[in-house]
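Only one chain comes next, encoded as structure tokens, the form predicted on its own.
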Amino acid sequence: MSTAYPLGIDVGGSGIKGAPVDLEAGDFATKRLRIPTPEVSTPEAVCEVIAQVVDHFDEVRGSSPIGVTIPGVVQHGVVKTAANIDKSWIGCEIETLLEDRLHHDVVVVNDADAAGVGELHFGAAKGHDGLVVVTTLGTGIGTAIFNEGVLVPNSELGHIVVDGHDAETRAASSVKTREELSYEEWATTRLQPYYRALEDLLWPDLFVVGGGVSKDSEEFLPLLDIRTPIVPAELKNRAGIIGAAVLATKTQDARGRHTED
């Protein structure tokens, strides 16, 4: 296999998944590898699993970039929040930690941002102008905002206050499962107020809904009464890996241009 394929790695609560990505096809270049997330998921423990994923795909060890997603805000290579991961991540210089471990340039990004980039380039938001908001409904709610195709990083719109509550504590798909809500109850009493609040704040041109529950989108999206078009994500659980590879490639290209200048 060519060494030209960038590697995307998606760090989740239960599994760490990675694959080389064909950026022309917008899909995995070969079968992905999944390794369970360590029970004590400190940055050091997760970095060791990421190293196993990278070693599995030796062909990316050349000049190909590596992109990694983290479920938290990442600013300039430093993790700033840890809503659904071990609190020891806060303040971790994760890019430096990974680069020292892998001896390779690494780009670390927010997981929802990566999933959104995947959808923007190869999925439900491809070719869409204007303001696009991608939401991932899972353990919490992740969001990614794009204006004219440009990412506004680290939006945390899953934590806006709706009806006096942090939105993800009421509207995440994990809440639907925990409270045994039907799709109709979840859509009308939880998702409806959330998406109405988002559109009143941002006036987007399109919502894209991702997360594992999006596979059942026909059960709940038609029940929403909002003015903004809303569609299910298309890349499913591939979005984060693909988006991480896209962002890593863009970052590497930008760094190369700065070096030349």
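Worth saying up front: this structure is predicted, and the values here are computed from it rather than measured. Note that residue numbering follows the sequence shown and begins at 1.
Below, we refer to the form predicted in complex with a small molecule, which is not included among the displayed structures.
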Legend entry - Candidate from N84, T188, S88, S174 lying within 4.5 Å of the small molecule in the model of the complex - any heavy atom: N84
Inset, instruction - Just give me the single entry in I160, L131, V73, L181 that has a non-hydrogen atom within 4.5 angstroms of the small molecule in the model of the complex. - result: V73
Legend entry - Non-hydrogen atom contact V117 with the small molecule in the model of the complex at 4.5 angstroms: no
Legend entry - Close approach of V108 to the small molecule in the model of the complex, 4.5 Å, heavy atom: no
Inset, instruction - Consider E156 of the chain shown here, and say whether it contacts the small molecule in the model of the complex, taking contact as heavy atoms within 4.5 Å. - result: yes
Inset, instruction - Indicate whether G123 is a 4.5 Å heavy atom neighbour of the small molecule in the model of the complex. - result: no
Legend entry - Options 29-37, 218-226, 64-72, 195-203; stretch whose heavy atom lies within 4.5 Å of the small molecule in the model of the complex: 64-72
